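Only one chain comes next, encoded as structure tokens, the form predicted alone.
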Amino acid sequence: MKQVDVAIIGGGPAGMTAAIELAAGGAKLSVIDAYPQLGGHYFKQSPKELMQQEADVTDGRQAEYRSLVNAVDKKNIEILSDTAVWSIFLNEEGTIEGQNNGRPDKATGFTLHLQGPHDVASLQARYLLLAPGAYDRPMAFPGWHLPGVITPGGAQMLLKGYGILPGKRVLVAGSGPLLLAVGAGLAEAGAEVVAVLDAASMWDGAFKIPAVFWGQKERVKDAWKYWSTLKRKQIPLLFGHAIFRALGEDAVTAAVYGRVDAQGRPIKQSEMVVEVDTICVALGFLPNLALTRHLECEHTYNATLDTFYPRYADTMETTVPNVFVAGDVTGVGGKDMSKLQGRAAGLSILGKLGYLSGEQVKSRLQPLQTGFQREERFIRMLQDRLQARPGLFEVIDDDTFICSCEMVTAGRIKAAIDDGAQDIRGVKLRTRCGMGACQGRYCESNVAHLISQATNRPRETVGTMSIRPPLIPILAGNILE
């Protein structure tokens, strides 16, 4: 079995930066990435066969990407692309009976089982760096199960990854800065974007903007570019608005939207109907916690964003020894924070491996603090705009599908609560909610809110979905190997 010092899961900005740092320090490592090319979602590249000409290296984002890729290439880092991790197990060296729930007292590393086009079906690593990123937080509303309703990230994937427009007449809705980018990108690609709806008000976090964007030329440039595109294409940007329901029988034919108050509650008298064939909607992002939950890392609840994040130290090490995290899985902060965390994790692991002394690690981490402080200001502003708005759940009716995998409606979940379910586990046992291929990744937040509202219990007390290997649908032969 192949053995490495470090296995990095995720080839986005955090994973790439960490890999460069680790390789420069002498560590033997492998980067495992689900995408065909490095870069993650931020640096998402079109397939070479779809590119009509060489990428514009004068573009700031593309130039930065090429710089990272070139640095990875120079270090001869092993990249396992198009590859997913479906389980991770501790390599045990003795256990203490009756203590720590049978978990090993001493571990010699980790065994990762993989599914991909490479010959490597599994590998052993002394240290793990988890950089799986985040994904769009789905918003449940009547009709959201219809073909034509996708997430903004899904729209970008189709556009960037395959050169496909998700629709001809599109409504973009939800919350977060990605909405502007998606609306502008779809319009430039030829779609008719009827409007961009942001559930946040224009003023949420506004007083923090001067401090956040001072000296941030790249972010200012991006924001101006997206806003200018919307204005030039005469696309309305409506703050304090949200989608109420999608209309159609076999596919989306129209959308109903309107104004919402500060808590997200719909203002019914403001309803408008617009004909569309596609709705791109998400309420910000959720960290991809499948791996950290699978490894039983401790998590902490963020009430502002209504989500859990893995707990980690300044070194980026989690509560499970030798397991590190970096990037948007720690809290969605963008590319620059991801790179800083990736470098910090890489330096910390080099210290554990003995390639750097404790003093060397400390001295190299110190200069990163200014960057961390700058990015934390941006994150605080972002959280103001992405904050949970429980009123948005008021659009859900009993016929609204909550768990798409198992086709469980809100009415069935409410019936399970009436039957005595007080938490996610109770609902899951009564309805099969969360037992599908995604293992609850896309329904957990909506289920938790329904339980919280019905039982008057705080969101963080109603539990989470269980994660079990295989973490993804896999070929039966991979289990038998």
Partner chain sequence: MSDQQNQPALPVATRLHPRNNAGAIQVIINGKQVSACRGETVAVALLLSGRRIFTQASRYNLNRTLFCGMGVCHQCLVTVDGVRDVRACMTKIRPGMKIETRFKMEHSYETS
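Residue numbers count along the first chain shown, from 1. Not measured: the values here are computed from a predicted model.
Not on display, but discussed next: the form predicted in complex with its partner chain.
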(message) Can you tell me if Gly167 lies within 4.5 angstroms of its partner chain in the predicted bound form, counting non-hydrogen atoms only?
(response) yes
(request) Please run the contact check for Thr319 against its partner chain in the predicted bound form: heavy atoms, 4.5 angstroms, yes or no? (result) no
(message) Is Gly26 near its partner chain? Define near as a heavy atom within 4.5 Å, in the predicted bound form.
(response) no
(message) When the contact criterion is heavy atoms within 4.5 Å, does Thr307 count as touching its partner chain in the predicted bound form?
(response) no
(message) Quick one: Ala181, Ala223 and Glu275 and its partner chain in the predicted bound form, is every residue within 4.5 Å by at least one heavy atom?
(response) no
(message) Give me the residue from Leu353, Leu114, Ile77, Leu158 that has a heavy atom within 4.5 Å of its partner chain in the predicted bound form.
(response) Leu158
(request) May I ask you to choose, among Leu295, Leu123, Ala84, Leu382, the residue with a heavy atom within 4.5 Å of its partner chain in the predicted bound form? (result) Ala84
(request) Using a 4.5 Å heavy atom cut-off, indicate which stretch of 338-346, 309-317, 374-382, 399-407 touches its partner chain in the predicted bound form. (result) 399-407
(request) Would you give me the residues of 175-190 that have any heavy atom within 4.5 Å of its partner chain in the predicted bound form, in order from first to last? (result) Ala189
